[in-house]
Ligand code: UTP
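Listed next as structure tokens is one chain, alone, in the form predicted alone.
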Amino acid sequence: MLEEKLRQLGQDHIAKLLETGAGFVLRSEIEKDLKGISIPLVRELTEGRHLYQEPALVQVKPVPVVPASFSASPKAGRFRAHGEDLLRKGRVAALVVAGGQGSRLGIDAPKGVVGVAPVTGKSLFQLHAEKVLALSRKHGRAVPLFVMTSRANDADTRAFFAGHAFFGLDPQDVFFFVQGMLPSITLEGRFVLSRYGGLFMNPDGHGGTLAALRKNGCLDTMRDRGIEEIFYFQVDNPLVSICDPLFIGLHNLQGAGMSSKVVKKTGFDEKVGIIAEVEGKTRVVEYSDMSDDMRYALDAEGKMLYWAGNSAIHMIRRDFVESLTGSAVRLPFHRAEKNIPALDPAGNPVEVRGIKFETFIFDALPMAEKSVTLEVLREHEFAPVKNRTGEDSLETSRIMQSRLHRSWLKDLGVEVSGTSLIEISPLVALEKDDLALRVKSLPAKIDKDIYIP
């Protein structure tokens, strides 16, 4: 009985509303909310268990980083070749985290449908799908794409892919799965009644990707298909180099459980977490957790000591994910206070101070026995679209995309005017070397906006 389940969770206030027939409480919504969550976990979270404990930042030093310059060195060839071999053998999957909405970008739709390409306005989803398609063609083996959605945007995301014929991908190679949800609670540990008649639920964070892979059967699918490695990235970065063979090879040959790409911070005060070594373990230290002494620390040459900014791009072994989701080991939950739109006991709209629980994918890093950290150039691989204007915006991302493609053309001897916007389809080139194979078909001079399909 629903009321009894609520009382077992210490949520008598909602049970009483159901018993008295309060019209603003919808039994069907409450049942749906409770059905999708782990009751024991919710009980333990409200009791303060499984919560993240910030390590004392006393034994901290910069993490060893493979520099960006390594990619052009002779030694890189071995790792790149190994990554390409894993792609040819079908051992790698791409995983995009796409549970967010584009509300900050001015649309009421999944963020992945936002048009970001500088000339054609292709959506984030299309750019990522075309990269996966090009990668599959290049290596002669389909790279499966796993798309993590949310309860709010799952149907819209599936419809968007279907409405665009999966952007050329075989639908059998695209797998959608839904992120987990958790109820928010008041500071006193009581569930919050949403203005829609159910519980106020929040996504369980990007760390919930791992549990969702297991819950939705995706790990079984990966195992059946022979997938050993997962390339993880977030939907809002159109410059991401999906399943970069060098990154795959470095990670796999060194037996890492989870690895990361980093970019140089733009300055001491850029609000991005950094990857560092804390008490001998690789982990992300969030900007808000850094003391001034750490944030402004200098190395022996007077340069920023902690510069390795987290780009949210990772390689993760499938069996490592299985170990994190199939036993007593779990990612810790972060506790965040926020104002929550709710209903009071009389059904009136109010705002209450509440707590949401979420996990972060990077908290798996210190659980891996080995980890590789690879530096990449921001202008080549990191142009997130988080805001409509200003920093990390649609405008800045489009400029960075155009500049990258412009640099490819210039390096290949094409004269490009200073004002022209350049866009090169991923189906033509994933990198400059791919474009070099078509150099004879390129124009000698470009003096207007151009899309190269």
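These figures come from a predicted structure and were not determined experimentally. Numbering starts at 1 and follows the sequence shown. Under this definition, the rigid core comprises the largest set of C-alpha atoms superposing within 1.5 Å between the forms.
Below: the form predicted together with ligand UTP, not depicted.
Only one of the listed residues (Glu358, Asp156, Asp85, Glu286) places a non-hydrogen atom within 4.5 angstroms of ligand UTP in the predicted bound form, and that residue is Glu358. None of Asn216, Thr186, Ser194, Gln101 but one reaches within 4.5 angstroms of ligand UTP in the predicted bound form through a heavy atom, and that residue is Gln101.
Ligand UTP in the predicted bound form comes within 4.5 Å of a heavy atom belonging to Val97. With a 4.5 Å cutoff on heavy atoms, Pro203 counts as touching ligand UTP in the predicted bound form. Under a 4.5 angstroms non-hydrogen atom cutoff, ligand UTP in the predicted bound form has Lys386 among its neighbouring residues.
In the predicted bound form, at least one heavy atom of Lys111 sits within 4.5 Å of ligand UTP. Comparing 113-121, 161-169, 260-268, 227-235 against ligand UTP in the predicted bound form, the single stretch with non-hydrogen atoms within 4.5 angstroms of it is 227-235. Counting a residue when any of its non-hydrogen atoms is within 4.5 Å of ligand UTP in the predicted bound form, the one hit in 124-157 is Met148. Comparing the forms between this form and the one not shown on their rigid core, the Cα displacement of Arg137 stays under 2 Å. When the rigid core is held fixed, the Cα atom of Ala336 travels 2 angstroms or more between this form and the one not shown.
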